[in-house]
Each structure stands twice: as structure tokens, then as C-alpha cells.
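Before any questions on binding or motion, here is one chain by itself as C-alpha cells, the form predicted on its own.
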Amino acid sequence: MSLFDHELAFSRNLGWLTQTEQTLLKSRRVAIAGMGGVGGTHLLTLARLGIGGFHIADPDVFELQNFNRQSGATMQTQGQTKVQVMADMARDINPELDIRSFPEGIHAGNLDEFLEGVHLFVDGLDFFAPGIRAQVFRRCAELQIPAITAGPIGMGTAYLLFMPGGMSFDEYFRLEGETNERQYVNFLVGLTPSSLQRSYLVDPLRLNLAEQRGPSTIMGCRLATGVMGTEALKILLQRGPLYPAPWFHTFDAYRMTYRRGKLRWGNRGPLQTLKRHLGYRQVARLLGTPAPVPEPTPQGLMEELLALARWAPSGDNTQPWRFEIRDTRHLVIHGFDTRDHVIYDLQGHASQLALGALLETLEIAARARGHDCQIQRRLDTPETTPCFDIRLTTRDSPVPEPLAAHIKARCTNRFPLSRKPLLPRDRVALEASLGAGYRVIWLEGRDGLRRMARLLYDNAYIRLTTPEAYPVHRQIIQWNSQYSEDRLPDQALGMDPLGLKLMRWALGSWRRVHFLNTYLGGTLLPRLQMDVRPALGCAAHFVIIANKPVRHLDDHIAGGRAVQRFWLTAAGQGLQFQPELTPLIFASYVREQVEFTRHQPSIERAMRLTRELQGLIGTDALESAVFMGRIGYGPAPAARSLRLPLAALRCD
């Protein structure tokens, strides 16, 4: 093992530092409060810069939820104190370090000891610790110690410098006398007045004030420690420009934006005061919103499999299944359909497709855990409520099941996507996923997308003007929601806020819908936003065709299994996906002379729609069509349907 050589270890700093400056840094001492996401990385960064002494404080231990961002969090360090782990890591970089640890954290009783003899204080405290943070900065100002706070915000950082004789932390943030919740707001709007990250925060509910936790990324932590190290170097070596408070600095890698500004009065300025009060109202709303209750951990193999299987897709998130666990190897699935009240399921075929997807998902989940499923439909149960016995057998040797990783990631995206054509490898993977007995008709290119947009535009008119469809549309939407356990959240519908408001008002009664449709062109906006724009914005539309006509329950079950393999493969390839099943449903009603409405214009339009479909894919293909949808490249939607908890789906 080589002996440590301080001069050689930090020689690559030279050039950006002089030899004299590198030697000076060896004699500097920095106090860092917090050894978590930023504090621990601050320590390692400054250790690699060649700083020779540290005071570090943190009362916590490493846990699994620290793994996404904290340098010291590993399987081996779970349960170990953060100060000890990080001190050991820093000494592995420089065994000559002089590190003094404060494993009890910092508090009023040891604050002077923590700051004794230090040349710089670096803030790595948790966001939800405003009280002790203010105390430390106040004491630094009294002791004439420069201080830096650099926080990870989204995929960027925001930072402030507080120099002796300049604006103080208290003058800038104005935390004193406020409640904890208001102190959070004051600290956030003062740290990042530009709010660069708000535009890409996809799930605000992940900020849980009651439990004092929020979202974070390793990129934000690393960017924060990069700017901190640079400012620390300038302060300790007394060179380079410094912009201390009231100057603020924000950089966001996601938006590729850097902003530096000056809040002459800190949070006391008129614009900052407005931001603070808006923040107080938002926090009050968050505190009034019930936090999501985590589901109990599945008990046993059967519950583990069902917890995954329930994520299978179903029309309008109806989840037409219930589970009965007979024993550790025997499961019964009780299916049902919605033909008695859903116009899109009058023959039960949509629910049967969903049941097929459920069975396929269950089998994929079982294979991923080293088991096979023996699935048997009970022939004595009616078509409306089919039952399936599933018995597990253990495989002799495990077989990889790559689709299992995408079961919960698979979702519906109703927003416009990229028109980039499908890559050959993705097309091959999708077609192969269907297995024997199925093929795909692709409708793509400028002409194909336009023809599908026209078809879906006509199809949407039937959906929006047929009286029997109105109660379905009214019931399936959960308003003002990003997520829904048993319906479709309005934010996932693909409409803009104005369109959603108009839709919500219209769905208040059929009379309103009929008035809008008759006199104000009420179908135009939803058809353009929910049908035409997405139809034109994708790589391709597709129709999954069986090699024989699809007529019986088992045909639809098998088709649903093929569709789920196709959909999971799409998710694994990074493709976005949206079902477009209602044209096939209306065409089947016309072909099989199913009375789906007494509204004659809807019947006539459905007949015309059927002829359009026949022109697109052919009469024989339409007889054997299983599923239709669109696919393309793009970001996953921020809003989506969830699933009922497992306890609500069990019937044993």
C-alpha cells in the first residue's frame, strides 16, 4: 500500500491554484452542519480541494431513503451514523485531516464549540430546520465568520453568501417570529426568488410538510456542492469576485439557466412580500390536503403478485376484477363487465380485454419470481362474470422476465407526442411481443396520421353527442386531480385548463351538453384537443389483428393478453401509448347490429365510421381487429390513473 503524500495527492489542483494557495488551504478549517445530501458531498469536495480541518455535525444515521442523493448512503452503511461514515470517507481521501465530529448535531449548547477556530461555515442542514439554521448564521455574523448556504432545488441549485459586515441572514430571510411553515416559505422564496424549477415539478404532493420531506435529486446536490466549493475557494483565498447577500444566485441544469439578482431589501421588498404571502396560502392548502396513505406491504407471494397484477389496464380505469386468495398456491379471479351501464362495453368485450391483460400481467409477475401460472377458466360461470382459477408451480430454474420491470411504469398518454418515426428495433420488438396468431397494421407517415385524425374526429362526435355516453363521461372523471385510484384524473385527459373548465361545466347536465353541441359548436374544442392534436402528434397509429375473427370470450381474453405484452414492450422501449378503442367498438356494434343508442344521427355516423375503418384497414382485418391505438416518443405524463388498494380488490 502506498504511503500518503499530501503534495502529490493535490498536485492536480495546481495551475488553477498556486503552490502557496494550496498550502494555505491545508491550514484552513471549515465547519459543515449536516452530512446528508449536500453536507456530506460538501465535505468530500472540500477535502479534495485540500482543506485540512473540519468540524462536522449530524445526529442522524443512513437509511434506505437516502440512497438517491447522499454520498455516504450504501447497503453497508445503513444504520451507521452519518458523521462517522463521512469522516471515514474524507480520511480515505486525506488521512492527515483534522476532523472534529459532533454526532449529537448542533444546538445552542455546543454552537460556540462547533464554530471555534473555523474560517468558514457551510450550511448542509435539512431544509426543514429553519430554527437552528438561523441560530448558526446569527452566531457566524457575531463571530465575523463568512457563511455559505447552497441548496439543491430540483435539478439545479440556489446559493447565497453572507459575509462579515454585509447583510445578515436574519435581515435577508426575515424568519424571526414566524411559524415553522412560514419560515419554510421565507427561506425558499429568498433562496430561489426566480422559481426556475417550478415549471418541471411533476408531482407537488411529494412535498409533505407534515412529515418534513420533499423531492430531491443527486444532480441538484452535486451542482450545489460545485458552486459551494468555488465560492469557498474564493473566500478562503481572498481572490475572485464575490456577490454576497443581498445578491442571490440560481442555476438550473434542466432549464440551462443561470440567474443572479439583487434583493436590496431581502424578503422585505414588495415583490418578495407578495411571493411570501402567496406561498403562505399555498402551504395552507398543502397542509389541508390529506397526505397519501402508503399501502401496507404485501404479505406473502400471492399478495406480491396481485399488488403488481392490479396495474393491468382497463377501460376508464374500471378495474373489472376482484381477487380471492384460497391458499399460498391457489388464487381465484372474479371478473365482471359493465355492459349494464357503459355504452362502450355493451357486449362485455372491453372488460374481457382488460381481464386478459390482468391474466398476462399476473403471469409475467409470477415468472419474474420463479413461478409458472396454470390458468383455468371456470366453464360454468357466465360470460358476464367469468371466474379463473390460478395455481402456482415453482420453476426448476429461473427465467428472466424483462417485461415485469415495466408493469407499474406502463400508462396512458393522451398528449401530443413527437412525430419521429418508429425506430426499426422498436417496431421489431413490438411486433414480436404479440406472439403467434397476431399481426400489426401500422398507419403512419403524413397521410396515415391525417386519415386517422379525420377518423378520430368523426368518432369523437359520436362519443360527445350520443345521450347514452353522457352518464359514462360524467362518472369517469375525477376533477382537479393529478391521480385517481378508480377514475381518470382530469389532468390526464390531454386538455388545457380552459378546456377542462368548460368540460366540467358542460358535464353538469345533459341539457348543457346538448345546448353547447347544438348552438355553440361544443364538440369542436374537445375534438381538437383530445383527438386531432394527439392523432397528428405521434409516430404511428396501429391496429392489432388476430389471425382469425374475434368472436368469443376466450378470443377477447387472449387478445387482451397480447395487447398487454405489446403495451409493456412499448413501455420498455421508452414509447408512449394511448388506446383508441372506441372506433372498433362502434364498428362492431354496426356489424353485429347491436343497438347502442336511439339517437339516429349517432347510428348514421357510426355506419359512416365503419366504412372509413374498412377503407383504412380492410373489411377482413376489421372482423379480426383486437385493439387500436397510437404510439410515439415523448415524456411520460405527469398525471395518470392509479389503482384501488389491494384490500379493496380482495373478496375473500
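Keep in mind that what you see is a predicted model, and the values were worked out from it rather than measured. Numbers follow the displayed sequence, beginning with 1.
Keep in mind that the form predicted together with a small molecule is missing from the display, and what follows is about it.
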Name the stretch, out of 444 to 452, 549 to 557, 115 to 123, 314 to 322, where some heavy atom lies within 4.5 Å of the small molecule in the model of the complex.
-> 314 to 322
Is there any non-hydrogen atom of Q578 lying within 4.5 Å of the small molecule in the model of the complex?
-> yes
In the model of the complex, does C411 have a heavy atom within 4.5 Å of the small molecule?
-> yes
Please check if S433 has a heavy atom lying within 4.5 Å of any heavy atom of the small molecule in the model of the complex.
-> no
Find out whether any non-hydrogen atom of A307 is located within 4.5 angstroms of the small molecule in the model of the complex, and reply yes or no.
-> no
Interface residue in the model of the complex among T582, T77, Q529, T466, criterion: non-hydrogen atom within 4.5 angstroms of the small molecule | T582
Within 4.5 Å of the small molecule in the model of the complex, heavy atoms considered, which of A150, L353, V83, A232?
-> L353
